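This document opens with one chain alone, in structure tokens, the form predicted on its own.
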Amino acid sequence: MRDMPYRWIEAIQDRADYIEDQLKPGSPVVGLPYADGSLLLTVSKGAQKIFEVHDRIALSAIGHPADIERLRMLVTDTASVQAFQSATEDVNLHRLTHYVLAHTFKQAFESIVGEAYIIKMLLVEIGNGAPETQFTHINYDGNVKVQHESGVIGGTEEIETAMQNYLTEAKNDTPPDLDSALQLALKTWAVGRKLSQSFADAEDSNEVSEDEIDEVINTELEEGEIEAGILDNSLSGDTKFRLLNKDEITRTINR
């Protein structure tokens, strides 16, 4: 009996290693603010990966499709119930992540007799002028990271660090327009995609050149399609989310 805690720790580590191996080849997701709101972008091969949660909240994820759908429905249904029972203004990203999603992720991960979720999730919320845009990254083990300038998810922590470094180097004090945000998000996605294909280590994370970025984009778009969703404060009505159509994306990327 004395070795039970050590067995649990070992089982948890084995579980983490397995999940991370499954997530490594996943298509990254990039979240960026722009002048009128916020953008989520990825490249997919058929299945939709960017969704509305509530009026001013959206999400995307990498991982097992069934797990993504199950947790998407959980947070979307919870938001709808909260809005119905109290008020729309009571639905916020902090409550949904810390009291619903993070708890669910953590409980499944640490209950080693059951199945863990193979997933990483990125959510974004825009305010009505204030507070500022919030990007929330939830790891498969329930750990939550909140950022305001941008948000990324990739197959490994090293991939995410490389993507954030690329965004930091490209940072401008002035919020970009939507076209510029789309172009920067796609290049950042390509950095993550390049590293996910090679399963690069941290020391290689800054070695993706602009030529390699362009090559990855051209190659991946032969079979995949850019998927982009925005939360746009300029839209009339309560719902600020919409998916960009193919013509909008193509016109922007080809400039």
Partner chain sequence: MNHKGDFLSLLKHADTLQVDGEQTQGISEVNVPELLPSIKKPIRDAMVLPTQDRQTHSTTLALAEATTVVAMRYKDGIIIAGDRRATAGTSVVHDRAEKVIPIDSHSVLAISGAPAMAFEIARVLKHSFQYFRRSQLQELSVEGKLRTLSRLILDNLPMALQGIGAVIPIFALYAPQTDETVNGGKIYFYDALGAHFENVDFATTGSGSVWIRGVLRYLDRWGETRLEDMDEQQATITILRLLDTASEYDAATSGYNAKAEIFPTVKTITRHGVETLTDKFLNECYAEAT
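The structure displayed is predicted, hence computed values, not measured ones. Positions refer to the first chain, counted from 1.
One more form of this protein should be noted, the form predicted together with its partner chain, which is absent from this view; the next part is about it.
Proximity of R95 to its partner chain in the predicted complex: non-hydrogen atoms within 4.5 Å are present. Among residues of the shown chain, H137 is not one whose heavy atoms approach its partner chain to within 4.5 Å in the predicted complex. The closest heavy atom approach of V216 to its partner chain in the predicted complex falls outside 4.5 Å. Its partner chain in the predicted complex comes within 4.5 Å of a heavy atom belonging to V100. In plain terms, the part of the chain that comes close to its partner chain in the predicted complex, with a heavy atom within 4.5 Å, is 45-53 out of 207-215, 45-53, 185-193, 32-40.
For the marked spot (R70, D77 and Q85), a heavy atom within 4.5 Å of its partner chain in the predicted complex is present in each of the three residues. Contact annotation: of the candidates D179, E115, E157, E110, the single residue with a non-hydrogen atom within 4.5 angstroms of its partner chain in the predicted complex is E115.
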